[in-house]
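To begin, one chain is listed below as structure tokens, in the form predicted on its own.
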């Protein structure tokens, strides 16, 4: 049964060392929860960006909360490179597991379907395969001969082990009183929740209704069955945006990108925006 908690309690539900799936910046990122995790002093997280990381990942890395990261990319978009991620990788403070967007989605779908691995085409010949000992290249077992390319029958394919996060984190505009959460077109959030052992969600509001009983909302709803706990957090995605509610604060993100280039600058930002009274 989904529980309704406050932000601090929700953050307490993410254990040190957990494998955490985090929504991408273009989706619905629980920035208020990320700040609460940093205030709690969470550490040794194994982070999975689904499929790319942004400001949330950079904050957690800079705060020393992440030991390993699997992602297709990490960037602040138009604001430039993610500064604390860059420093952590170059210094060896962060173990980076390079991957691709389809590979992350495929590995999560394996857990979603309850199977130990899934095949994926399009990776043969890339440097990634050579550096991922956990990915296995095999001949297509259903091949009937013929000179065909990868994924078309006859060529090699890559088997990706299932990824089952300990917890998935995201923000949403709304949940209902039964614990169902609106995700709209953000289908990656559903895959994350299905694949993960637990799902923690922050929302702008909790409504006195049942989303699954309404044809207008049912198709875009993640059922409470897959939601462990919910906390209300107004403007919980800020400074990132939330579709249909508020735009990303581009000025704030650019200012962060500039300030966080140095360790002293990042610490000043952390003290002011995360650990301070605000």
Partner chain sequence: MNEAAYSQEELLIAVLARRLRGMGHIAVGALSPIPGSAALLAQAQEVAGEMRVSIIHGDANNPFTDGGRELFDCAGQGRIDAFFLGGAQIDGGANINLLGVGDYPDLKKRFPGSFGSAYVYFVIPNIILFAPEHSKRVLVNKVDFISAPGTSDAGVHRPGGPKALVTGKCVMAFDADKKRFTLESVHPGVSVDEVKGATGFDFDVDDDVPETPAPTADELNRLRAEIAPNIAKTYPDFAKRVFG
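Note that the structure is a prediction, hence the values are computed from the model and not measured. Numbering follows the first chain given and starts at 1.
What comes next is about the form predicted in complex with the partner chain, which is not displayed.
Student: Is residue 162 close to the partner chain in the predicted complex, meaning a heavy atom pair under 4.5 Å apart or at it?
Tutor: Outside the cut-off, so no.
Student: Is residue 98 near the partner chain? Define near as a heavy atom within 4.5 Å, in the predicted complex.
Tutor: Answer yes; at least one heavy atom of residue 98 falls within 4.5 Å of the partner chain in the predicted complex.
Student: Even though the partner isn't displayed, in the predicted complex is residue 167 close enough to the partner chain, meaning a heavy atom within 4.5 Å?
Tutor: Close contact is absent here: in the predicted complex, residue 167 is far from the partner chain, nothing within 4.5 Å, heavy atoms only.
Student: Quick one: is residue 204 in contact with the partner chain in the predicted complex, heavy atoms, 4.5 Å cut-off?
Tutor: Judged by the heavy-atom cut-off of 4.5 Å, residue 204 is well away from the partner chain in the predicted complex.
Student: Please tell me whether the candidate spot formed by 74, 123 and 126 is one where all three residues come within 4.5 Å of the partner chain in the predicted complex (heavy atoms).
Tutor: Yes, each of 74, 123 and 126 comes within 4.5 Å of the partner chain in the predicted complex.
Student: Can you tell me which bits of 227-255 touch the partner chain in the predicted complex, meaning any heavy atom within 4.5 Å?
Tutor: In sequence order, 243, 254 come within 4.5 Å of the partner.
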